[in-house]
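Take a look at this single chain in structure tokens; it is the form predicted alone.
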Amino acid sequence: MAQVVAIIASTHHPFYYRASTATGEDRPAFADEWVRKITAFRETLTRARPDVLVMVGSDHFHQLWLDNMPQFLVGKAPYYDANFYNEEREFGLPRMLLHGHEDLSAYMLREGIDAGFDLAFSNELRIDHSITCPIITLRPQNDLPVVPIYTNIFAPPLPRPKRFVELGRTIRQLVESWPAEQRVAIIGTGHLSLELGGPRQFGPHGPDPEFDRRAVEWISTGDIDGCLSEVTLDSLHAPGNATHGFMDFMLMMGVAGERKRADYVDTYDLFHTMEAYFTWYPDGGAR
């Protein structure tokens, strides 16, 4: 059977690539410390020596739109074109090509449906920065096949937070039941408090530092019950108008398990957002 060798959750700031590669006067003052933190975070995946990456993210209305918006979607293509024109223009992200893992995608679709999730799929999915950003930060050589899983965090009616946690638990079970001798890392990205296009977007930190503090505590300690007792679809409007992306962090808490403390935790308070990085090793340490 397959082995889950690392579970990783992080934010996906699209400006990291531009900041980290800028030189001279164009290099922002916060770039060096950000690169240092990402370099340390990257090692948590490298030491796990994965063969395959299952990657959870969300389409930012690039390919999926209101004419057909799945709640949960699995990509099942041999290759994925990645990043869209506006991401190249606004964020300086490069065009990328990701290799897919069709066997694992097909297995997760079939078994996921049988486990109670009516998963959508796409043979022509194009990937945006919610998945390419963690490739850039965690595996910049882009040499491993991926299974992309998209969640709906933007277009109501949204699944409730509990459903995200349940999907995380199911993803873990599906990977561990896959009859293949493969080492799998499950990686998901989301947001802490986030404001886009609103009055709190460009402050010196995230729009709700207290929410960020509590979110990091919930995630790092695996306090799923405590998180679910306070986080609702309605409550997520208060920390910032794009904070529903936190539900992808809740999904990753479901993957890691109740009361499972993260083995690695780091944060970085940037302008308008707090970046956060978490890694769990299911067997107590990468081998």
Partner chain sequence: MSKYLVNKFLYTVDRDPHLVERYREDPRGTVEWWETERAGRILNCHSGEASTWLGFDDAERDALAGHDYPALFEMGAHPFLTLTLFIALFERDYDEPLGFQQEYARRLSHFTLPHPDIAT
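Positions refer to the first chain, counted from 1. Remember, it's a predicted structure, so these values are computed and weren't measured experimentally.
From this point on, the text means the form predicted in complex with the partner chain, which you will not see here.
Note that among 201-209, 180-188, 72-80, 108-116, the stretch whose heavy atoms approach the partner chain to within 4.5 Å in the predicted complex is 201-209. Relative to the partner chain in the predicted complex, residues 62, 90 and 271 are all within 4.5 Å by at least one heavy atom. Taking the partner from elsewhere, residue 220 is found to have every heavy atom lying beyond 4.5 Å of the partner chain in the predicted complex. At the 4.5 Å threshold, heavy atoms of residue 86 reach the partner chain in the predicted complex.
Residue 29 falls outside the set of residues with a heavy atom inside 4.5 Å of the partner chain in the predicted complex. The partner chain is not drawn, but in the predicted complex it has no heavy atom within 4.5 Å of residue 261.
Of the residues in 177-197, those that come within 4.5 Å of the partner chain in the predicted complex through at least one heavy atom are, in sequence order, 195, 196, 197.
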